[in-house]
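Take a look at the structure tokens below, where one protein chain is shown in two forms, each on its own, as structure 1 and structure 2.
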Structure 1
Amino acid sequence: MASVTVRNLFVSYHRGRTVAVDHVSFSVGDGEFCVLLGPSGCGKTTILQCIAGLIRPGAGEIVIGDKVVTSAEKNIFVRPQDRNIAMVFQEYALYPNLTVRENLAFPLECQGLPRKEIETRVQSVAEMLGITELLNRRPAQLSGGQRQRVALGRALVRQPTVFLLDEPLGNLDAQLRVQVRYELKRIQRQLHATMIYVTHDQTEALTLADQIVLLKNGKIEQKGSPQELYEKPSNLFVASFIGSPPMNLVEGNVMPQEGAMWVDAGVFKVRVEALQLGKSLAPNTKVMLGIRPADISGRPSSPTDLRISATVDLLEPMGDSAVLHALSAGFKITAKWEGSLLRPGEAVTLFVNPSKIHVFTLPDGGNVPKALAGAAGLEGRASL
């Protein structure tokens, strides 16, 4: 296994009119599970294909292990077949005329391994993925989930330095997706494999990744651990992209009142000190306040909690918990609900710890970081 470093990668199409990847840099450590996440068309596949050597970037450098495999500046380009990477495509791309066994053996035959060795490796991977009974079938005779496993197996037999996976679970139904996702993570741990995994599904990213690289329009919006992206989104886009159900967002205005600074969001008013920010907000600044559904509750966690009166719109049961949709002064609030059953139209009081509220400046959407933990937290007083 090996680490992967991408430096300043740039790819454009149509003679520079479409920029697919815009100066992207990130590193994936040895044995790390890195997820490239972002909406459709943000350049995820393009980055993966650059690492695989299927695309030569206009600028930038890619290092696998300690070897520079692509460098536009130094005019270095190692052919894909010489990179020892394994790639799983979204379409699976199984060879239609070959049996599962032959599909699995194909990359090993390309390496010129002896027949005995190929036999053993194919067998052990087939056992690991539970597809031994399928070895003599052709791809057309397999279900979607089985094809997916074969595609994965064809990557695994190679024992490559890096795995590149392009939305490998995209074609599976929800249940199978969860199951294969778990298996994939288990195999990755077991082999201590370096994996770069592309998806536009934030749940997949949060559950699988050691590191998430979140992209939009070919640029990195934020990179870091799932927890970092969830708890400290660096801007509005990250905040709204990560988390399900998505973060509640409400616009507010900073104004002085009663000798203190307040943010007036219409639905509620909160003292700026209570937000425990790392810097002060100037009067008349426009801000966006973000509250995670999980940070809203039916019971106060401390006496300083914000208090929001609302009416129940709908309670979506999700088995052990529920998602509450409520309305307050025309504003839609989504909350994770663990309390009693609620009926539509019922009045409900919601509590939010102001220190959990994310603050973003407008119009740029940049995050206003929180003060470091341990700094004095002043009481927040809710008013409505």
Structure 2
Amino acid sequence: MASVTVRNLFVSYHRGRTVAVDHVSFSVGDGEFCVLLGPSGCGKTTILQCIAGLIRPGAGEIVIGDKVVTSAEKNIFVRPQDRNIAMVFQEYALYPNLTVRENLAFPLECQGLPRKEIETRVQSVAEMLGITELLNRRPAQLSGGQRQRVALGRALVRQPTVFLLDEPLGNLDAQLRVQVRYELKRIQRQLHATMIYVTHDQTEALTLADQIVLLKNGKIEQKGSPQELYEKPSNLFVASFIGSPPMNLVEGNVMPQEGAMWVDAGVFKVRVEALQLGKSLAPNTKVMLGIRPADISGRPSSPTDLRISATVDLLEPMGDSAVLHALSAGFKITAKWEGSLLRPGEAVTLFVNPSKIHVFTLPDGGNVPKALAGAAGLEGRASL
């Protein structure tokens, strides 16, 4: 396998009037699973196609292993067939007139490999993917999950240096998606394969990735491990995009009161000191406070927890837990609820550790980093 380095990649259309990828740079280590994540139109598939050699960028450089395969500045462009990469698409792209065995063998036959080696590779990949009993069937006789495993097998059998996957689970139902996602990660670890995976589904990204590159409008908003993006979002976009249910956001204003600095959010107010920030906030600074639903509880974890009185709007049972939607002073709060069942209109008291609250400055939306330690001091306000 090999590492992949993308430097200052730029792609535009319509004579530069539409920018698809805006000077993007990131690296994928040897054997790493990297997910390009973002909403539709953010440039993630365009980046993947540049790595594959299907699109020639206007600027930038792409290195696979120790070989420069694309460099606009040096006028280097290695053809896709010479890059030793394999792609798996959302559409299975299987040959309908060939059996599973023949579909798997086809790319090896194109390379002119001996028949015995082809059969050995095909059998090995079929056993790995659990499709041995399907080898004599044609694609029309397979389910969606089976077809996707065959498409993945056709990539694996080539033994490429890098795998590129463009939303390969998009056509699968929810149960199959979970199953194939597990198999994909297991195979990646087993082979120590370098994989770059495109998706708009943040659940896929969080469960599969060693590294996430989160994009918006052709630019990288943040890159790092799934845990880093979840716990330390760099800005409001990252905070609201990562996490399910999404983060609760409420606007507040910093003001001095009773000899201390407070953030007044209407629904509640909290001492700046209790937020355990790495820098101070000036008076009259407008901020956005973010609270993860998982950080809201029906019982306090410490005497310093922020109390929010609310009214139940809706409870979505999820089996072992539920998603609670509540209203407090006109503000909608979403929480992961593990307490007793609640009825709409019922009063409920919610508790939040203020050190878990994220603070974003406005209007830029940048995250104010946390300090290593902090102090307590807070005050809740009653709901309607």
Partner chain sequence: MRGLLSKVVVLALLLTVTALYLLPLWGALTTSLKTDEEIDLTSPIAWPQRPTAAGYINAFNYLKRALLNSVLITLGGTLGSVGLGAICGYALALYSFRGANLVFLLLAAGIFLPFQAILIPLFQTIRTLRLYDTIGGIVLAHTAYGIPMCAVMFKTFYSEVPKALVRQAVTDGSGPWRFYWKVVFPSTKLATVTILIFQFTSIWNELLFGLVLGGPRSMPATVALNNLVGTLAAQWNIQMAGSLLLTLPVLIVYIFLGRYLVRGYMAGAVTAV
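Residues are numbered by position in structure 1's sequence, first residue being 1. Think of the rigid core as the biggest set of C-alphas that the two forms share within 1.5 Å after superposition. Worth saying up front: this structure is predicted, and the values here are computed from it rather than measured.
Here the chain appears twice, and structure 2 is the form predicted alone. The rigid-core alignment places the CA of P139 2 Å or more apart between structure 1 and structure 2.
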